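Single chain ahead, written as structure tokens, the form predicted on its own.
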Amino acid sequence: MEVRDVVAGYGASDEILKGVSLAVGERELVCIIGPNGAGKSTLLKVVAGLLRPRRGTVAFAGNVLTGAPPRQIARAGVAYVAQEQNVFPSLTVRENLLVGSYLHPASAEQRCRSMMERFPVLRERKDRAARTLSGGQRQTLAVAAALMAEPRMLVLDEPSAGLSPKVTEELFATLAGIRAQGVSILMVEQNALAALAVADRAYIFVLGRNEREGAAAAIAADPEIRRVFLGG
């Protein structure tokens, strides 16, 4: 994915993103970090087709997707997982997975069985309503439902929000495994150090602009970045 000079906001005079750019390569896990209000989640909404940019371009696998509707972007191979309300609470685990296969209805049952084999915690709870799951289990279900569409890229907004350190570690290990199997990941995270530990590269946004970018390990080790953005 390549994002170039994107300007976007939610109102006529509201310019949250002021020309941000980034790239995600094949089999890469890239994270975006930065203070609140930096425009991180806004960019993900642009990438997912939930917000039309005023200027700039979004391209994926050689196809320009700028301003395309979410369904077209999903068909192109990009799956978005929102921070909140990312599962259907009244549906069972199995039903949530089946909904995730809306692009491939003919093979939904087969995909559902494969996904539950991949994530045993979901198989064990397949007939339970999603609202009964723990926070980590709900995030696992949200990611699994997104994978039902067989995307080439996952776009995740704050996947560790509200999770304990142990559950966060388990979730990020799952994401690293997904990346290893060939799915690229673009992730916004407030849990910056944990995200940098599993990411290949990272971008820092400040006030809607690119502030820094580079290898995740180098950013995590930079004393100035740690002081300003990572809590010391």
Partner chain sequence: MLDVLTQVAQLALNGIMTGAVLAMPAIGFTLLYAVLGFPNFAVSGHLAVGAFAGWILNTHYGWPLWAVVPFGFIAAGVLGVATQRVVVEPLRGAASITLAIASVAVALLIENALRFGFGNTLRSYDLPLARDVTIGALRFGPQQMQTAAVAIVVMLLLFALLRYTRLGRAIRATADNASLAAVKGIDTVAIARLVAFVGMGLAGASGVLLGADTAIDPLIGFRLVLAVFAAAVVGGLGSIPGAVLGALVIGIAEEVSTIVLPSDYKSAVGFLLILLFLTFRPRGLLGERRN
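Numbering follows the first chain given and starts at 1. The structure displayed is predicted, hence computed values, not measured ones.
Another form, the form predicted in complex with its partner chain, is not on view; read the next lines as being about it.
Colleague: Using heavy atoms only and a 4.5 Å cut-off, decide whether all three of Q85, E95 and A146 touch its partner chain in the model of the complex.
Modeller: Yes, the whole candidate spot contacts its partner chain.
Colleague: Counting only non-hydrogen atoms, which stretch in 161 to 169, 27 to 35, 178 to 186, 63 to 71 is within 4.5 Å of its partner chain in the model of the complex?
Modeller: In the other structure, the partner sits against 63 to 71.
Colleague: Would S90 count as touching its partner chain in the model of the complex under a 4.5 Å heavy atom rule?
Modeller: Although its partner chain is absent here, S90 would touch it in the model of the complex, with heavy atoms inside 4.5 Å.
Colleague: Whether L50 contacts its partner chain in the model of the complex should be assessed with a 4.5 Å heavy atom distance threshold; does it?
Modeller: Yes.
Colleague: Whether Y80 contacts its partner chain in the model of the complex should be assessed with a 4.5 Å heavy atom distance threshold; does it?
Modeller: Yes, Y80 lies within 4.5 Å of its partner chain in the model of the complex.
Colleague: Heavy atoms within 4.5 Å of its partner chain in the model of the complex: does G100 have any?
Modeller: Contact check for G100: yes, within 4.5 Å of its partner chain in the model of the complex.
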